[in-house]
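Okay, here we've got a single chain as structure tokens, the form predicted alone, with questions on binding and movement later.
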Amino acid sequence: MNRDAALANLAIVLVRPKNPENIGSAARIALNMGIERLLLVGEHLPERELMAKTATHNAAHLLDRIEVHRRLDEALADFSVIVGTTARHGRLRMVETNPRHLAETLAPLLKSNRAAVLFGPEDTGLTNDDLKFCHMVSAIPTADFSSLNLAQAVAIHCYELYYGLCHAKIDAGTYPQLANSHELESMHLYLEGALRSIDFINDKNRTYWMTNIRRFFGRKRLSSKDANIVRTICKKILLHHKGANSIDPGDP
């Protein structure tokens, strides 16, 4: 696999950005680093002229190809590897990597899988609810004040990914096709339903258990077959407990 093939499977996702100029800057940065898929999660795409101010002429075509989704789960449906970015630390947002090491992790996975790197809005960053979709979280190490401009954060991550993929050594082995986000969300939905049916999860402890369960399966990097096995088992548990008022959660 060459660098260009890996970059073709990589996308930048801007979640509810507030500044149109930052969208233009992100497009310019992504193009400079060989990334040509840009997604936006929000109600609508800002006026093109406002974004074009910082995109420059060379990256203007990316503005016409931005994929707009109202919901994050819809935007991520076909991605199998999802990376969240954050400047904040906390019990529910454990930082697992940084931009420099991120390329080492993604390089072999990009051979067979689409990957998305998420950036949150300028004022708050990604929420815990956004991060639940992520399989790993990246933070940029800083000396003291940890808040960077959105465009700066995109630039640092894109540069490190480009540089890392340029120098990555990937053997000729076969790398598995991982379950995509839609398949994993369906699995999580049935898993939560099954655990509720046996009174393991309730409204009070849901966040704790589902956060840790998501992290566990995220580390395991399930294939589509794996996710379907877990989903099928949970569906059988729910069917078994129908008489106890269990509810089939349905697909997301």
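Computed from a predicted structure; not experimentally measured. Throughout, we count residues from 1 along the sequence that is shown.
Only in words, not in the display: the form predicted in complex with a further copy of the same chain, which the text now covers.
The shortest heavy atom separation between Gly42 and a further copy of the same chain in the model of the complex exceeds 4.5 Å.
Among heavy atoms of Asn149, some come within 4.5 Å of a further copy of the same chain in the model of the complex.
Residue contact with a further copy of the same chain in the model of the complex: Ser25 places a heavy atom within 4.5 Å of it. Within 4.5 Å of any heavy atom of a further copy of the same chain in the model of the complex lies no heavy atom of Asn205. This chain is displayed alone, yet in the model of the complex one of Val137, Ala155, Leu126, Leu106 has a heavy atom within 4.5 Å of a further copy of the same chain; that residue is Ala155.
With a further copy of the same chain omitted here, the record of contacts in the model of the complex names 161-169 of 126-134, 110-118, 77-85, 161-169, defined by a heavy atom within 4.5 Å.
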